[in-house]
Ligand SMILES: Cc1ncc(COP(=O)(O)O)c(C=O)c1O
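Just one chain follows, in the form predicted on its own, and it is written as structure tokens.
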Amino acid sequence: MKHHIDELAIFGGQPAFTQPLHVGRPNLGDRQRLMSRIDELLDRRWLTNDGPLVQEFERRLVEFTGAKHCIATCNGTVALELAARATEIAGAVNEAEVIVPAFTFVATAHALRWLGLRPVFCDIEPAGHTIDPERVEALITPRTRAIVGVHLWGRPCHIDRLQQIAERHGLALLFDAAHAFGCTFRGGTIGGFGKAEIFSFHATKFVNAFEGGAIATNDDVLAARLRLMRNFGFAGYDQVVSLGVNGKMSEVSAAMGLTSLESCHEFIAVNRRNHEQYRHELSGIAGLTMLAYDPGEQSNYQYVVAEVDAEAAGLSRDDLVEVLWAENVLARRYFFPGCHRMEPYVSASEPPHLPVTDRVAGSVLLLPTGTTIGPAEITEICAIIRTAVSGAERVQQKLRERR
């Protein structure tokens, strides 16, 4: 393990890891069980169109989340688009507005804009990085049709306060729950809140379906509408009764989803172990603060998130990312620079004043976790960070030379 600054790769030493360590490296689950499912679906020659594995996956999601309905889709972005259509947010008025945090994956905003909706970007809370309910109400106009809350890092946003605002103003409330599968809010499992909650089972999620998503809802009418819409509006053979798209999940994705789901609690245990080790080994490093989890709630511990105070650490978040990448530790700066500073939004109007979002987007550092990362790797990653911060002045000088 590295203990001297001269051994860092940026000073000519060998990278700590011969193979890159990624944020979001896929968890695989039981490979034999997955291959058995794939063999079975090939033998059936039923590869898509609401096959038995998709139906089983949806049943298991209902059991897991406690939601009345879970509608599997090809990915989370299409799931959000379908939910916006089915709740009649899209098409209500031209350029209808939806309040959404700017600190989220750009797909949240893109899905809305793709439907002709106008995302109105809201600032976030500094502690949990989720949408700030105190800022939401000030953004409501006669054109506002909905609020989309985003659960982040395996931590729910303020569901109850957003629900109160939505009810007071007659707005639809949806949740992007891509980070929150397996998590709870006040003891209730994520999946049953708002009009609908949207899950992602992309390969980077701790439960993945190669590529996939789902919409969870307790609304019978909405669920029936969603099932029509994800399959071109077909209500039966040769019977098209509504507008729709191809949003279906394939059988092979469901095979992976089921296999992941079966190992879900194992994945959470590994994530939690990793998070606790990072928290212990990064403690006391100047300018580095890890986000904590609420011990009263269940979490998937999917992300190891730290904030870097450049003044206290002597290095910026981007400096640390460069050091880590040189060591083959592919740390990430998530959601930088914020959706409000990305296209097409930044060209459409002057970016809104979102000071917390701007600060967090410039300071957040995500570190590798998941089943491909073990205790030895975490100890080495933390040693690299500690060494870099303790020798911050020399590191900064070397980084300036490299640039």
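All residue numbers are counted from 1 along the displayed sequence. What you see is a predicted model, and the numbers here were worked out from it, not measured in a lab.
As for the form predicted in complex with this ligand, it is not shown, yet the points below apply to it.
- At a distance threshold of 4.5 angstroms between non-hydrogen atoms, Trp114 is out of contact with this ligand in the predicted complex.
- Within 4.5 Å of any heavy atom of this ligand in the predicted complex lies no heavy atom of Gly191.
- Interface membership of Ala331, defined by any non-hydrogen atom within 4.5 Å of this ligand in the predicted complex, is ruled out.
- Though the partner is left out of this view, Phe105 does reach within 4.5 Å of this ligand in the predicted complex, counting heavy atoms only.
- Of the residues given (Val98, Met249, Ala178, Ile131), Ala178 alone sits with a heavy atom within 4.5 Å of this ligand in the predicted complex.
- Interface residue among Asn208, Thr77, Asn274, Asn300, judged by heavy atoms within 4.5 Å of this ligand in the predicted complex: Thr77.
- Stretch-level contact check against this ligand in the predicted complex with heavy atoms at 4.5 Å: of 158-166, 279-287, 81-89, 194-202, the positive one is 194-202.
- Contacts of stretch 139-163 with this ligand in the predicted complex, defined by any heavy atom lying within 4.5 Å, are made by Val150 alone.
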